[in-house]
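Taking the form predicted on its own, here's one chain by itself in structure tokens.
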Amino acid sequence: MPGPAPSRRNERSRRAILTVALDLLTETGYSDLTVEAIAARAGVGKQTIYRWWRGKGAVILDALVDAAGDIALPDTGDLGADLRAVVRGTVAEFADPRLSATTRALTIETLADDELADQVRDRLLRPQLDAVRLRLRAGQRAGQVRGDVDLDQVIELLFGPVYHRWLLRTGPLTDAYADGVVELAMAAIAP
């Protein structure tokens, strides 16, 4: 269920709620964050938040999407270097205890809430993955990626191992690990 039409929301209150939600998230962590605390600090009633969002997961999702802004990958002409930068950024986010805790908590909520899972996928993940796909497509046009490669599989080849290592805590998330994942992926897709 999507939130109410944006025209029904007071933009100043919406901005305050999203800003406060991220501030409190940093201060308290996801598990201790409450809609009541967001409402109190934002200067709105909690009923306002519940009228606009289903719960704290939806508020945090909107705040994260809002904070992400437009997503575009660099195109330096060196696909490997561009992918290393992106995968290193992902590894750094997963390795940061605060960001990791938020992502873990949101992931747990998506396991029990199909609607939130769809929104996280479509509004937060898909734009990021689409940006990677566009950069890979540019790499194909430049002759850096085989033409017969399924770009969706390449994206999973790049991020699947990182997510697996993060989710199951099978090893450290480092720049060296990110570089190794990209090196293996580049070897698999090279013409």
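Worth saying up front: this structure is predicted, and the values here are computed from it rather than measured. Counting begins at 1, following the sequence as shown.
Keep in mind that the form predicted in complex with a further copy of the same chain is missing from the display, and what follows is about it.
- This chain lacks the partner; the member of Leu129, Ala63, Ala39, Leu124 within 4.5 angstroms of a further copy of the same chain in the predicted bound form by a non-hydrogen atom is Leu129.
- Using a 4.5 angstroms heavy atom cutoff to a further copy of the same chain in the predicted bound form, all of Ala112, His164 and Ala188 count as contacting.
- The shortest heavy atom separation between Leu157 and a further copy of the same chain in the predicted bound form is within 4.5 Å.
- Contact check for Val35: every heavy atom lies farther than 4.5 Å from a further copy of the same chain in the predicted bound form.
- The closest heavy atom approach of Val44 to a further copy of the same chain in the predicted bound form falls outside 4.5 Å.
- a further copy of the same chain is not shown here, and in the predicted bound form it never comes within 4.5 Å of any heavy atom of Asp96.
- In the predicted bound form, the residues of 100-122 lying within 4.5 Å of a further copy of the same chain by at least one heavy atom are, in order, Arg104, Thr107, Ile108, Leu111, Ala112, Asp114, Ala117, Asp118, Arg121.
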